[in-house]
Ligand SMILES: Cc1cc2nc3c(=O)[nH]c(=O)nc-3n(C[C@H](O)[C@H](O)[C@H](O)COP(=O)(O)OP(=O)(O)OC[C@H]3O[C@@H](n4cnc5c(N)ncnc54)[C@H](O)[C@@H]3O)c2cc1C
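One chain follows as structure tokens, the form predicted alone.
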């Protein structure tokens, strides 16, 4: 179904001469999808969504020309980076324009403690630029090779490094954002301080991110480590202790032994006989990390440098964490799906074992240690053997009865996924920067109901 007439589309194209644009069906189909296929609920709801045109600006002036033409012809726009989001953030619910920002991909400057980068740059390129200066990003997603800076800030929440620095909104990682408004004469707005929250995790509904300034920290040598444990309760007990310790840890990811068949490139170290913590540990703290693990029955299974991992053709530890775990499971068996669960604090080994027993083979446990306001925020990304939507909802209610909070990943309305904008500041800002409501229409329940 097309939302834009052929005549309107032709006039739009005439107003953006020189801009890379495609109406070819294959291109539109490819760019109208993201990783919402993780969800058997979202897949049938979003599978027929299709953009009318894909445009790929290469600089700020081309972005400006596209916006002006879109406003002139009243065509909706959906922003897209690498398309690694899981909730349909870059799916055009009402057709229109896919604004593919991956052509605006330059690392503009690397300074002392700060990096400025265009929104369409892949996160790996930003990390490499920082490392070349002896610095590093505070955090990044497990999909850093495919995800863009703008997509991560517009749709992300935490990532590799969040156990050390906190979730994105608490970390101070975002120094400034440069955005463009959706108006007849688009404006440039520079956001700093708390104002960056207007755009962060808003799914591309509050302006077009052009550039981001990100805080950098001193680069460290991180060692990929695996410690294995007799039970999952022991794994969680160690994870809690490691979080509370003085060890310098960049990733702390707990998985139970039934995940082992999905981790094909690390089966030598995680063979399914024991539960495990996958971690990135500062080289100076590796021995202390495993000494602490031994107090909980932990064995030193693997400790390799980045170079040693490459030489052995191992999977980098950062790609065994967060939703990469779900991806590996889905590649082996597409009947799996997942949930996003915030565990009660404290999350005890006893509750971990009780939940394992309660769900049996229907749920496989996986937990990511992150930091919020300086305290542990233990996020569960359990695998769920999908049967029906009703049973999936029932599983959510069981987790909630244990004191857990569900951030439902099987929705495409922004407000339904958890705490979005209780004070209404993002919606107020949205009205200022996109008065016609052309950005990502259909993603905001509150706007649809207005």
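Residue numbers count along the first chain shown, from 1. Since this is a predicted model, take the numbers as computed values, not measurements.
The form predicted together with the ligand exists for this protein as well; it is not shown, and the discussion that follows is about that form.
S.K.: So in the model of the complex, does any heavy atom of residue 82 sit within 4.5 Å of the ligand?
M.R.: Heavy-atom contact with the ligand at 4.5 Å: present for residue 82.
S.K.: Answer with yes or no whether residue 239 is in contact with the ligand in the model of the complex, where contact means some heavy atom within 4.5 Å.
M.R.: Residue-level check for residue 239: no, no contact with the ligand.
S.K.: If you check in the model of the complex, is residue 174 within 4.5 Å of the ligand, heavy atoms only?
M.R.: Contact with the ligand, no.
S.K.: Is there a heavy atom of residue 300 lying 4.5 Å or less from a heavy atom of the ligand in the model of the complex?
M.R.: No, no contact at 4.5 Å.
S.K.: Which of 345 to 353, 128 to 136, 142 to 150, 270 to 278 has heavy atoms within 4.5 Å of the ligand in the model of the complex?
M.R.: Going through the listed ranges, the match is 142 to 150.
S.K.: 105, 86, 94, 197: which sits within 4.5 Å of the ligand in the model of the complex by any heavy atom?
M.R.: The residue from 105, 86, 94, 197 that makes the contact is 86.
S.K.: Out of 288, 110, 327, 191, which one falls within 4.5 Å of the ligand in the model of the complex, going by heavy atoms?
M.R.: Of the candidates 288, 110, 327, 191, 327 is the one lying within 4.5 Å of the ligand in the model of the complex.
S.K.: May I ask you to list the residues of 175 to 197 that have any heavy atom within 4.5 angstroms of the ligand in the model of the complex, in sequence order?
M.R.: The stretch 175 to 197, when checked against the ligand in the model of the complex, contributes no residue at the 4.5 Å heavy-atom cut-off.
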